[in-house]
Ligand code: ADP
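First, one chain by itself in structure tokens, the form predicted alone.
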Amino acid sequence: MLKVLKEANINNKIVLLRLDLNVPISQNKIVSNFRIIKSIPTIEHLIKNNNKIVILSHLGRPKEGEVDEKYSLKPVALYLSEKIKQNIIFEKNWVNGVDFKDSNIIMCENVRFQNGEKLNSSELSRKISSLGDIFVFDAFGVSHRKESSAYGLIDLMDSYAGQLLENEINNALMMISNPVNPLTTIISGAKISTKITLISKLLNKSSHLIIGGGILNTFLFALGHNIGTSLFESDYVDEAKKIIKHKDFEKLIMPIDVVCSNNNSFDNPQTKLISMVQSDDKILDIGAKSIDKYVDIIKKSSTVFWNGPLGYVEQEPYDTGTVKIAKAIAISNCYSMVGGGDTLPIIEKLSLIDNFSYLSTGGGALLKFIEGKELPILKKLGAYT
């Protein structure tokens, strides 16, 4: 049984709170505040019960043990302080002790600046545990990792799942175990290698499974189509062929047309039927007929799970398919769940966050959870008992 914060009577304690504040930052400004906002309810719950909080998080992938200012959490501390209207002390040198001074909240500098964090150093975990009385884990996005500031603390402290983590698990379980059918799944991304297990798992559960990106190209190649110079994974063509032979393959929805370009600047978009793609073409999006087909499927769906943009969204007009699919899901009456860091910024940019049933903060962790893999931190917190 998952040990959850809301059922624990935690008052007047120093709480170590592991969050996932790994947000995009440009010129010291927060580009997406989604994960920060999602973390606030747990912070407010702890403060209301007269606790003091030591916030732990990572940001980016700095070289472990080295301080790199571009990965500093200071902009996050300042932003969060404004949002909750509370002074947050930012501690650069925190591992040997912290001082709350005139505040109830401390944010520690990037945990990945500490030697041993990613290797789950027991010595580092012991030092971190000495900073507080209770550990609350609310960072679903790292629940599949074994690191000192998360996995390593659970054996050393009385530990609980925060409100965000509880919501993530409940929504994922509802989508996996008891979705209201018909369920439409949209899986896209550059590499089929990272999502082949997910596709196999969801093909059984879904009424329709729409694929895009490099994953789609690998399937098109496996089906014998000319994909020109399009991104695909040759090592996974045989895996794609196995799925093609699967009894539920008819649930896998293929596009009618695609948008291509045949030069390096991609400034000459051309919409072509799948059968008309040439050897010098690069597939960069789905075409108008395919969009209409997918939108019609979404309209008839009761549940939609979406992971990954459908085209090369970094350049117009190859974001068209993704934008129109996002808008179609937003106005539908279905239960909609979105997971994956590449998809959320698009929904944010379109101001559609409030039009989706649930947006997950987890990327790889969510996919592994849906695949049915045991996530090490969730196991320690009792999620599988």
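Numbering starts at 1 and runs along the sequence shown. Since we're looking at a predicted model, the values are computed, not measured.
Quick note: we don't show the form predicted in complex with the ligand, though the next part is all about it.
- None of 172 to 180, 311 to 319, 85 to 93, 119 to 127 except one has non-hydrogen atoms within 4.5 angstroms of the ligand in the predicted complex; the exception is 311 to 319.
- In summary, among the residues L223, M254, V98, A190, the only one with a non-hydrogen atom within 4.5 Å of the ligand in the predicted complex is A190.
- Shown without its partner, this chain lists E64, E348, D68, D342 as candidates; in the predicted complex, only D342 has a non-hydrogen atom within 4.5 angstroms of the ligand.
- In the predicted complex, the ligand lies within 4.5 Å of some heavy atom of L284.
- Within 4.5 Å of some heavy atom of the ligand in the predicted complex lies at least one heavy atom of K195.
- Shown alone here, N217 lies within 4.5 Å of the ligand in the predicted complex, counting heavy atoms only.
- The ligand is not drawn, but in the predicted complex it has no heavy atom within 4.5 Å of M276.
- Residue L231 is the only one in 231 to 247 with at least one heavy atom within 4.5 Å of the ligand in the predicted complex.
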